[in-house]
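A single chain, nothing else alongside it, follows as structure tokens in the form predicted alone.
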């Protein structure tokens, strides 16, 4: 199938814009500029190969020629025949992953707020096929090294993910993890203390999917009706979700006004922004630094970080998941 994109969209740039592109079930091949992922369509898994349109866009992306790469429709090839309902699910999930819902005008508004990224066209950050997957990926990236995050997500897919015709594994559904034993998660997926929390989260999302009240409404979180503050308050009530995780999930929901600050933020403040002082003083200065960017604070913060990573390891679209992709965090770069 063909999937239209915003006129400024570049697959290589806009997919490889956030660390989740390096986590299962995602796979980006720098040599061919092919994005592969496996999606659970409810009862069946499908592995997809995604490339960007005609007009020589793959070659243009490789050579950094964004003018000729941008806007080409995506070609999506599945490893099994899909009926009309499954095709709609594929379109919806890919659109969510790739942020195709963010218009050119939205990105232009960011560039007006922070002109530093206008030339590169950066503005979109990829995410997961579902809010549930985004929440679990956030949980598996807190208080842990990046290689461990990579390993946890690989094992979650391998153990609990539905298998596609070509052997790919989708990210596990809330229903599958809701039925899991925490001890199994700990033993087979190396999730450590997160075991019971993952099962609790899965049960909340699974109950909501079945129309039962579970204290958290994923649909309300995604429909744009809640304020940023109300959504943050709802997220922080979830098991295992603290202020950092809640702020990160907010940006995955398209709310960029809050900053998920941690030790990486302190390093960034000292190394890139040149701030001195204690950790608390640097954190305060970092927060103040991004105030002028208003509702785009996170985008400005993230793309500053991302440029630092790329200065050490090259353009992110050239990263391979099993090599450079495992060392892109600053603790591995300094």
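None of these values were measured; they are calculated from a predicted model. Positions refer to the first chain, counted from 1.
Just so you know, the form predicted together with the DNA exists too; it's not on screen, but the next bit is about it.
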property	result
is_contact(residue 136, the DNA) in the predicted bound form, heavy atom dist at most 4.5 Å	no
Non-hydrogen atom contact residue 158 with the DNA in the predicted bound form at 4.5 angstroms	no
In the predicted bound form, residue 241 touching the DNA (heavy atom, 4.5 Å)	yes
The DNA contact in the predicted bound form: residue 197, any heavy atom under 4.5 Å	yes
Selected contact from 230, 92, 104, 142, since only one has a non-hydrogen atom within 4.5 angstroms of the DNA in the predicted bound form	142
Listed residue (263, 166, 75, 184) with a non-hydrogen atom within 4.5 angstroms of the DNA in the predicted bound form	263
Contact stretch among 147 to 155, 116 to 124, 204 to 212, 78 to 86 - heavy atom within 4.5 Å of the DNA in the predicted bound form	147 to 155
